[in-house]
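Only one chain is shown below, in structure tokens, and it's the form predicted alone.
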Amino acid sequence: MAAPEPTLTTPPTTTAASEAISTTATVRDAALAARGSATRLSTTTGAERDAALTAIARRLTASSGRILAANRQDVAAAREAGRSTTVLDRLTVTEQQLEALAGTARALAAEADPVGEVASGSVMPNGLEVRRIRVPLGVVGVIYEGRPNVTVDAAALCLKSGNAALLRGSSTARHTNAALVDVMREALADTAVPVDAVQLVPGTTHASVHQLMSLRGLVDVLVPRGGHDLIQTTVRDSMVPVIETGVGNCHVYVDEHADLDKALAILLNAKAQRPSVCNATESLLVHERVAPAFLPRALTALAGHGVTVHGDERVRSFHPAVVPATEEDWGREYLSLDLAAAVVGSLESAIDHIRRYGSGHTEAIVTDSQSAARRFVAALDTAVVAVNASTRFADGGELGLGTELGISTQKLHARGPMGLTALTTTKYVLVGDGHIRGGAAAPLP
């Protein structure tokens, strides 16, 4: 694992901006306000929620100077504290990225409304109509580390799907998150959507996080987004139901039947395009029959992109820059320009390696053999499997889902990229004409 970002351990100084965001004194007060907002949201129309998203987009663009100034303050503090390149990359918001966040809100406003959609329906033999319709989850709490884009993405997804959002970001991004939420709440003030449908959770220490985890009945679900420690702490300690978004120890396996040019392009994209995200590849497995032809090229190309390869003995024999891999390397989510690499004797050996060390996020095979591809897909119990494609496609936008809240690695309720549908549940609506159980429809008196 990469060294965890110390965002939920060191209490920062409370800022005027963060105080201005929350008009509530405690985490419970915020949850109560969110619960009331969720009730009001349930009666809003899709058009009203879309208007709110459009207002947020406009306000984000108009307030860019103030948001970027807050972000510069956070980035400077993080750099002074010696935070890693990965942390700084995730923390930084540029003018272009801010416009992209505004674009996310506009794009969600243009999406079909998931609320009220009939997931299934039928008419029973007795004439009773049965409909299963999509409804909001209610109050969604999101706990996340230093990625300010999550603040807007999570709020916009929740609003579109009729949910109130309780946002608990990291201390590293506290000024940026406060500015973003302040701007979104200002935008909501002139719409049919209640302002308290978007809130930062009060407090900056572990205590506020654990208070949020205890509010079963007020908060309907928690979604942790971050490193292994954050996710496991939430899963272990929360009394509120949790949707687990797992870490990404993603693998690329280059099969003996692979097109090696394609394999090289896929590997470089999967590892080096943006190494600080969960769908970046962290491990490379190469079949021994193609290793002599592939690894010299691949290792040289990776070195050219600044990637440090942690390899087994056979990988190290192909390039002097490869450093020895330890047992810990096989299970690490580096989130950096580091890669674990091993030579395997067979497809089954690759599958066994991934089963042992993978995180259930995304795995990729490069092969021209349909039987090998079918075996790989069937044998791996993971949220996303890619055949002859980069692991970087494990993303809601790339898969046609629009913005995502995270990538769920669990099996209940949601799995894989979580778009709008994953932020709804269903309820049954029964429509009869005086129907009573055990008899035909009874006429009204």
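All of these numbers come straight from a predicted model, not from anything done at the bench. Heads up: residue numbers just count along the shown sequence, starting at 1.
Omitted from view is the form predicted together with another copy of the chain, to which the following refers.
Of the candidate stretches 238 to 246, 93 to 101, 287 to 295, 154 to 162, only 238 to 246 contains residues with a heavy atom within 4.5 Å of another copy of the chain in the predicted complex. Shown without its partner, this chain lists Ala112, Ala81, Met124, Ala321 as candidates; in the predicted complex, only Met124 has a non-hydrogen atom within 4.5 angstroms of another copy of the chain. Proximity to another copy of the chain in the predicted complex, taken as a non-hydrogen atom within 4.5 angstroms, holds for one residue of Val221, Leu215, Val193, Ala325, which is Val221. Among residues of the shown chain, Val384 is one whose heavy atoms approach another copy of the chain to within 4.5 Å in the predicted complex.
Of the heavy atoms in Ala301, some are within 4.5 Å of another copy of the chain in the predicted complex. Using a 4.5 Å cutoff between non-hydrogen atoms, Ser390 counts as a contact of another copy of the chain in the predicted complex. Taking non-hydrogen atoms only, Gly400 approaches another copy of the chain to within 4.5 angstroms in the predicted complex. When contacts are defined as a non-hydrogen atom within 4.5 Å, none of Arg72, Leu200 and Thr308 contacts another copy of the chain in the predicted complex. Shown here without another copy of the chain, the chain has Thr425, Thr426, Lys427, Tyr428, Val429, Leu430, Val431, Gly432, Asp433, Gly434, His435 in 421 to 435 lying with a heavy atom within 4.5 Å of that partner in the predicted complex.
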